[in-house]
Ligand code: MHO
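Single chain ahead, by itself, as structure tokens, in the form predicted on its own.
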């Protein structure tokens, strides 16, 4: 079942419950998540086409704590969506290396786009959609190079065009572009308590639901979230706090 259809069903179920049993999803106030210890988190940045989809690809992975879309790889100071100069649309991923490694994130990177397409992905064509692995230090550069060589070996129909470059400045995009897939489903936003924009951008739960809304979570996680939401809709309570 597609996400839009599934969410419509949830809303209808909630309305029926409200009419028949005086039940509904109740919201006592804004939900704040338990603060996450930042000390052991690591950060990486990838460019793999439209950053709306890219953010959704990584948000649902176990070990990914936070995702942010923005611009990197260019020289223009303070780029904006309509004026990003030579930057690429990118996603910044903050993750717990005890749960997921840079090598594993690289595997997701390669399998989530066509690295052989020059300056674009699918119908999105342009320099801003080029494929880049941004690295922090020598070891990440080595790992990225090895993984690119492996990807080229796998590719039988073209040259892998992905660039590997040291990360300079990452410029976060405007709030309108953060968690874009999630924002297309107001019911999910309501389900987590209608977080203010600043909290939504930093929310681990929102990152996962952003992937869920785009149907880009691993199948087991997609089904797990389905079950969580079904349970909440059935009970009319509580607010979704974690998945």
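A quick note: this is a predicted structure, and the numbers were derived from the prediction, not measured. Numbering follows the first chain given and starts at 1.
One more form of this protein should be noted, the form predicted in complex with this ligand, which is absent from this view; the next part is about it.
Only one of the listed residues (58, 212, 51, 46) places a non-hydrogen atom within 4.5 angstroms of this ligand in the predicted bound form, and that residue is 51. No member of the trio 102, 107 and 135 reaches this ligand in the predicted bound form with any non-hydrogen atom inside 4.5 Å. Proximity to this ligand in the predicted bound form, taken as heavy atoms within 4.5 Å, picks out 124 to 132 from the listed stretches 124 to 132, 91 to 99, 153 to 161, 139 to 147. Contact annotation for residue 119: none of its heavy atoms lies within 4.5 Å of this ligand in the predicted bound form. This ligand in the predicted bound form comes within 4.5 Å of no heavy atom belonging to residue 170.
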